[in-house]
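Take a look at this single chain, the form predicted on its own, given in structure tokens.
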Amino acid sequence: MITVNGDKAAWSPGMSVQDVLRARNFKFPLLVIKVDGALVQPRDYAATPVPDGAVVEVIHLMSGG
């Protein structure tokens, strides 16, 4: 089990940040992702593992004028 933005979510072995984003249907182009407090760069989403028990924060960046 992991926590995504305060909600419990299923975990599976080998899960990556990219898998979490797909499972939760996050498609917004400007996201900031943290796994257990560590910032994850977009280029690393597929390669960054999400361990069992992790706390994942997904923050939507807004822009405008």
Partner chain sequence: MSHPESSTPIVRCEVDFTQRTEYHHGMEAIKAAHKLLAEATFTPTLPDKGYTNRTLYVNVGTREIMEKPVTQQMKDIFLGGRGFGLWHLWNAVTPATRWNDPANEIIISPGPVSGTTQYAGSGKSLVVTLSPQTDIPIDSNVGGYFGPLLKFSGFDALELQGKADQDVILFIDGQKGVIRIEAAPLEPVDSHVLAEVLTRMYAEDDADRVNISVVSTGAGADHSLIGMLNFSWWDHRRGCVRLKQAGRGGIGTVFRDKRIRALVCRGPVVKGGLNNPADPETIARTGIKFHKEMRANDDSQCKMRRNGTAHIVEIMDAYDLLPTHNFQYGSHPDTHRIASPVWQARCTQETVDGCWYGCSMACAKGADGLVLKTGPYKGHTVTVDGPEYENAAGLGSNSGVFDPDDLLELNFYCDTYGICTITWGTLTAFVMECYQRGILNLERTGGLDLTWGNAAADLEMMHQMARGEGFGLIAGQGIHKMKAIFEARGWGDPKLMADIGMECKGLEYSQYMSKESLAQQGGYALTNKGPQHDEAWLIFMDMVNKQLPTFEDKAEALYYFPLFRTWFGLNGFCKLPWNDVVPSDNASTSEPAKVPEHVQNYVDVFSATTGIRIDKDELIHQSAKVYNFQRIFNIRMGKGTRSFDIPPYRSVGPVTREEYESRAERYDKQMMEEIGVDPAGRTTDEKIAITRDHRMKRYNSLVDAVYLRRGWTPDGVPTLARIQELGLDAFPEVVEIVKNHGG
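No experiment lies behind these values; they were computed from the predicted model shown. Numbering follows the first chain given and starts at 1.
The following text describes the form predicted together with its partner chain, which does not appear among the structures shown.
- Taken together, the three residues N5, Q18 and N25 all lie with some non-hydrogen atom within 4.5 angstroms of its partner chain in the model of the complex.
- Contact annotation: A38 falls outside 4.5 Å of its partner chain in the model of the complex, judged by heavy atom distances.
- When its partner chain is considered in the model of the complex, P42 lines it closely, a heavy atom lying within 4.5 Å.
- Although the partner is absent from this view, M1 stays clear of its partner chain in the model of the complex, with no non-hydrogen atom inside 4.5 angstroms.
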